[in-house]
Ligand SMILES: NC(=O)c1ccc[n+]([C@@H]2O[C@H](COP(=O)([O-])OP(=O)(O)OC[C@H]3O[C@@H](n4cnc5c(N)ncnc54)[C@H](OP(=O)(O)O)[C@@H]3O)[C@@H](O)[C@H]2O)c1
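To begin, one chain is listed below as structure tokens, in the form predicted alone.
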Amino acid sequence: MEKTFRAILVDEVAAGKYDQQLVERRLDQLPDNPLLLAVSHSSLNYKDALSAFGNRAITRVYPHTPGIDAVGSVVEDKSGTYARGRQLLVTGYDLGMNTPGGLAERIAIPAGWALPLPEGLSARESMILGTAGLTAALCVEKLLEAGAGPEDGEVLVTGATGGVGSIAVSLLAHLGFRVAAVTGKLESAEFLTGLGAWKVLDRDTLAPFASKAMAKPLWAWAVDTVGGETLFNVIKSLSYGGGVAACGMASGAQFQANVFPFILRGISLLGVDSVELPLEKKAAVWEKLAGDWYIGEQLDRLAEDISLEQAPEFLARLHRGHGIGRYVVDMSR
């Protein structure tokens, strides 16, 4: 068994200043968890960028290796759960937060964090989706459970060029919905229409609603990936009986609200968590993504493949809010 591996290591080099480097690490520097995986692919998420630039709400102790997603083969499993060589998928829980994450060629985790790579998805495809795809699918599932159907009218997706937003656009279009994609990057309109967006709107479209108790009903349903004031502006502009699946807070964790949309239009606010979700629920959603919800024709359009060495550059891009779609880290590059 190889004793060393490459990893991205983030360290605080001065007060409030964080450096991201590709380094060689030893296996004995990993936590004492039973399941050791040889990672073939990972992906970059906004949470990874926050961890890489010192957000203590994400990662408490540095040096640290980010990466909340990983897929790879079993090197060793002391718990006896998985056979050597089995392809496993890991998203969420504490991976990449305070447990060394997937931006490394090896991870050591509890066996209860992993599930078999679903049939029908390649390792690369699973990381094009990753936590972003799982979250987007959970948002869509929430809307369907609330009664959403393509015949209801347009579905709004905020933060549409981000990882969750772009996959939500593609999933909803795949299921027959007309998607209005909201973005602050109108230069990416062609990217979004290529994913199936019915129309692309500037995020400033929602700004005039901020001063109103309620706005004109414009959309039947919504997926909000950014939070903050945007979320309540979306709620104000939903049609009677509609709802919004909320899963992010890139624009803030708080917003000013009133009860009018909820009691006059019957609007539902549907919270979505993809981190601490029970493994059985994660597995069921992944089976959908590998089956009826497979968006294979769109996956390549969503993804840019990068090497582990390039990860710091692209983490900085995400941290600045300049990310488009999904970045897949291929350990063989």
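Note that this is a predicted model, so its numbers are computed, not measured. One-based numbering along the sequence shown.
Note that the form predicted together with this ligand isn't included here; everything after this is about it.
- Contact with this ligand in the predicted complex holds for none of 122, 170 and 287, as no heavy atom of theirs lies within 4.5 Å.
- Just one listed stretch, out of 234-242, 218-226, 144-152, 87-95, contacts this ligand in the predicted complex at the 4.5 Å heavy atom level, and that stretch is 218-226.
- The closest heavy atom approach of residue 293 to this ligand in the predicted complex falls outside 4.5 Å.
- Remark: residue 110 does not count among the residues lining this ligand in the predicted complex, judged by a heavy atom distance of 4.5 Å or less.
- None of the heavy atoms of residue 65 is located within 4.5 Å of this ligand in the predicted complex.
- Among heavy atoms of residue 53, none comes within 4.5 Å of this ligand in the predicted complex.
- The partner is absent here, but in the predicted complex a heavy atom of 275, alone among 27, 36, 275, 279, sits within 4.5 Å of this ligand.
- Proximity to this ligand in the predicted complex, defined as a heavy atom within 4.5 Å, holds among 140, 114, 104, 160 only for 160.
- Of all the residues from 248-262, those having a non-hydrogen atom no more than 4.5 Å from this ligand in the predicted complex are 248, 249, 250, 251.
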